[in-house]
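The data below hold one chain only, encoded as structure tokens and taken in the form predicted on its own.
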């Protein structure tokens, strides 16, 4: 399973990229609003740090403006994947953009049916929001499992990108469910590194090392 960072903070991205485990980045208008930078400038900064898919979101709600926006954003860099929300207009846009060779990440997926439709329209990625589903009393991970199973059964090339990840255990569950990608907040990525027994083991090793002289 590939790991993307879900952030627009360039320092967090540089820190994550230094670990050698970050395969891409996802952004959205809410994340960018916290940064106080120009959208295009920050996306290009991210592309310079991470050599992988960088998702940048479209906000237009009507077809022609959405297509124009997606084409403009996709032209920023060869690694940019445009994020298009699920919906009737979204599906129409995905079909057209895919025919032009523009990769689309369909966002705001909340059911396997939605994921299937986006995949058939030509999306490169579908992003089920597992945390928001769980908040609504539904099983977010079930959508991941069902979507992966459907895509595998019919050999669909679209990848399931688990989004709205809230904790380190969610990442494990995504991997077990067969998600192709999990996009995770910076705090969760660095939380995955930690374990109290690792800290305790290092403490013991360092204490014991004081009992002898290094060669």
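Numbering follows the first chain given and starts at 1. On a predicted model such as this, the values are computed, not experimentally measured, just so you know.
One more form of this protein should be noted, the form predicted together with a small molecule, which is absent from this view; the next part is about it.
- Interface membership of residue 77, defined by any non-hydrogen atom within 4.5 Å of the small molecule in the predicted bound form, is ruled out.
- The small molecule is not shown here, but in the predicted bound form it comes within 4.5 Å of a heavy atom of residue 163.
- For residue 28, a non-hydrogen atom is located within 4.5 Å of the small molecule in the predicted bound form, even though that partner is not displayed.
- The closest heavy atom approach of residue 145 to the small molecule in the predicted bound form falls outside 4.5 Å.
- Remark: of stretches 28 to 36, 173 to 181, 148 to 156, 66 to 74, the one touching the small molecule in the predicted bound form is 28 to 36 (heavy atom within 4.5 Å).
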